[in-house]
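Below you will find one chain, with nothing else, as structure tokens; this is the form predicted on its own, and questions on how it binds or moves follow later.
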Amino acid sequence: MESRNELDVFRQHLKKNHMRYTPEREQIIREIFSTHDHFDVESLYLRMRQKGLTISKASIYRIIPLLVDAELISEVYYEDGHMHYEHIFGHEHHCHMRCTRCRRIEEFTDPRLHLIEQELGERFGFQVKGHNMEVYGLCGECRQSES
């Protein structure tokens, strides 16, 4: 079986939707997949500029929905007036716990969530394709500092 990378998946997605694959789009994808950090448009833009890559914020804003549609990245959480993303292609599905004070993020999986997802789908007649879960509150360190 042929192994595909994120660039191949994106090329195929663009072709299916009669859109062009450009060097600028490739630069953005390569930068997104060069790290495993959550990112927003501003941080991605600054990171690329610091590397000397000439890119516009508008180009990043235009490619984000395409990458979400191609299931290469997903929306993770909304904070400080903008969405944060992570790349998901080639990674196991996971959820997030986010500290509202220090902004620390813990990623987790739990097989019980898959069972709940299936049960809810059956109960409501949904064909479930996935879920996003964000649990937020105070991490252990921030709780201790409150005491």
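Throughout, we count residues from 1 along the sequence that is shown. No experiment lies behind these values; they were computed from the predicted model shown. Here, rigid core means the biggest group of C-alpha atoms that superpose within 1.5 Å across both forms.
Separately, the form predicted together with a further copy of the same chain exists; it is not shown, and the next lines address it.
Asks: Heavy atom to heavy atom, is G125 within 4.5 Å of a further copy of the same chain in the model of the complex?
Replies: Close contact exists here: in the model of the complex, G125 approaches a further copy of the same chain to within 4.5 Å, heavy atoms only.
Asks: Does at least one non-hydrogen atom of E31 fall within 4.5 angstroms of a further copy of the same chain in the model of the complex?
Replies: Although a further copy of the same chain is absent here, E31 would stay clear of it in the model of the complex, with no heavy atoms inside 4.5 Å.
Asks: Whether Y21 contacts a further copy of the same chain in the model of the complex should be assessed with a 4.5 Å heavy atom distance threshold; does it?
Replies: Because no heavy atom of Y21 falls inside 4.5 Å of a further copy of the same chain in the model of the complex, the answer is no.
Asks: Classify L120 as contacting or not contacting a further copy of the same chain in the model of the complex by the rule of any non-hydrogen atom within 4.5 angstroms, answering yes or no.
Replies: Yes, L120 sits close enough to a further copy of the same chain in the model of the complex that at least one of its heavy atoms falls within 4.5 Å.
Asks: Going by heavy atom distances of 4.5 angstroms or less, which of A58, M97, L53, V68 would be at the interface with a further copy of the same chain in the model of the complex?
Replies: If I apply the 4.5 Å criterion carefully, the residue I get is M97.
Asks: The chain here is shown without a further copy of the same chain. Which stretch in 44-52, 22-30, 59-67, 108-116 comes within 4.5 angstroms of it in the model of the complex, by heavy atom distance?
Replies: Among the candidates, contact is made by 108-116.
Asks: Heavy atom within 4.5 Å of a further copy of the same chain in the model of the complex: which residues of 118-143 qualify?
Replies: Result: E119, L120, G121, R123, F124, G125, F126, Q127, V128, K129, G130, H131, N132, M133, E134, V135, Y136, G137, L138, C139, G140, R143.
Asks: Compare the position of the CA of L138 between this form and the one not shown after a rigid core fit and state whether the shift reaches 2 Å.
Replies: Moves: yes, 2 Å or greater.
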